[in-house]
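Encoded as structure tokens, the following chain is the form predicted alone, with no partner shown.
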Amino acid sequence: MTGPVSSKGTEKMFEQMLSTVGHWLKEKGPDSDIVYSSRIRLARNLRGFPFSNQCSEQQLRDIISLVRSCSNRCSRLKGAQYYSLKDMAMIDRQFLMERFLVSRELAQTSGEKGVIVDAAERICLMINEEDHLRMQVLRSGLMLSAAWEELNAIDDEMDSHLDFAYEEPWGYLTACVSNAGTALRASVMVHIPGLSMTKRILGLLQNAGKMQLAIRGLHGEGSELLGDYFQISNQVTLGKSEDEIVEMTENLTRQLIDQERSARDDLMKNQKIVIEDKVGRALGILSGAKMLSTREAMELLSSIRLGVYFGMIPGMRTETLDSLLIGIHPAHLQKRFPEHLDPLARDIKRAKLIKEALKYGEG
């Protein structure tokens, strides 16, 4: 694994990222028409160090050194890249967040922090976020069990070289008590326009707490809800085993998939003209708009994706829509164009990018 890259080196790697999407989005896992991705995340802290927000700069550097040295020995992280966030520009940190490689919290702070990312963008290790180490695995579609199996193997390898803080009966010690116990978060990113159009989403939002689920926007805690894309994760980590959490979240997601398919079937049966109008309007606006905000673009692309599901847009490739899910966000637009883009300029570039992508995506 290489050391912290220079600004020039970082730019080169970001250019490579711009030309593609992570394997977790490129692949087509089970039920990927509804479930974009499955993610398993583990929080860990090193014994002998205070939590990140109480560490000195030297202690934070020591943690980075220990984690990087350990990751070099991890068989599943061969060829992974380390990014130092200490001197990284805000636009670059936001770029990594938009690709789901760092959390909002890590992206919004600098200092002695970093992230290790594998070449497929499927595995990442965030260092000195709220906890010393947050490891995550992303997989396409509903594959929580497979993601957990992979991350569990990584955790075992890291644990053999690092002394993680663990105490009975609390389990793994974490900066936030809600993560204590297994410190495992299982989450899925879903596209559920059927439940939204039939208003059944309201019941899901109201009953989320009873089902021990957290329902957030595309980028998790603190992010806004855009275009019927949601991130759903478990709330409870204490008192349940990792396998129980994964199985519970997977079972609830399967129920959600069934509800979404039922809602789409009902819409097609009883309100086909409404769907056709919604899809047609979305396609018309995206094909002719001169400027688009992120929110409007996400909402319209959500309708297009529903239209593709129903076969209403012959020849339109879902791969095109999936790449736009990430590519239309502010940092990605700024990295794509050399000149500085103010909000208005970004909206203009976003509209042009979508128009060209949709034209290419047909046929």
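Predicted model, so just to flag it, every value in this text is computed and none were measured. In this text, residue numbers run from 1 along the sequence as written.
The protein also exists as the form predicted together with another copy of the chain; that form is not presented, and the subsequent description refers to it.
Heavy atoms, 4.5 Å, another copy of the chain in the predicted bound form: which of 188-196, 206-214, 121-129, 281-289 makes the cut? Say which one. Going through the listed ranges, the match is 281-289.
Report whether the minimum heavy atom distance between residue 348 and another copy of the chain in the predicted bound form is within 4.5 Å. Residue-level check for residue 348: yes, a contact with another copy of the chain.
Even though another copy of the chain is not shown here, does residue 62 get within 4.5 Å of it in the predicted bound form, heavy atoms only? Residue 62: no contact with another copy of the chain in the predicted bound form.
Should residue 27 be counted as a contact of another copy of the chain in the predicted bound form, where contact means heavy atoms within 4.5 Å? No.
Quick one: does residue 265 come within 4.5 Å of another copy of the chain in the predicted bound form, counting heavy atoms only? Residue 265 lies outside the contact set for another copy of the chain.
Which residue, 167, 149, 87, 276, is the contact with another copy of the chain in the predicted bound form, using a 4.5 Å heavy atom cutoff? The option sitting close enough to the partner is 276.
Does anything in 293-308 come within 4.5 Å of another copy of the chain in the predicted bound form by heavy atoms, and if so which residues, in order? Stretch hits: a single one, 296.
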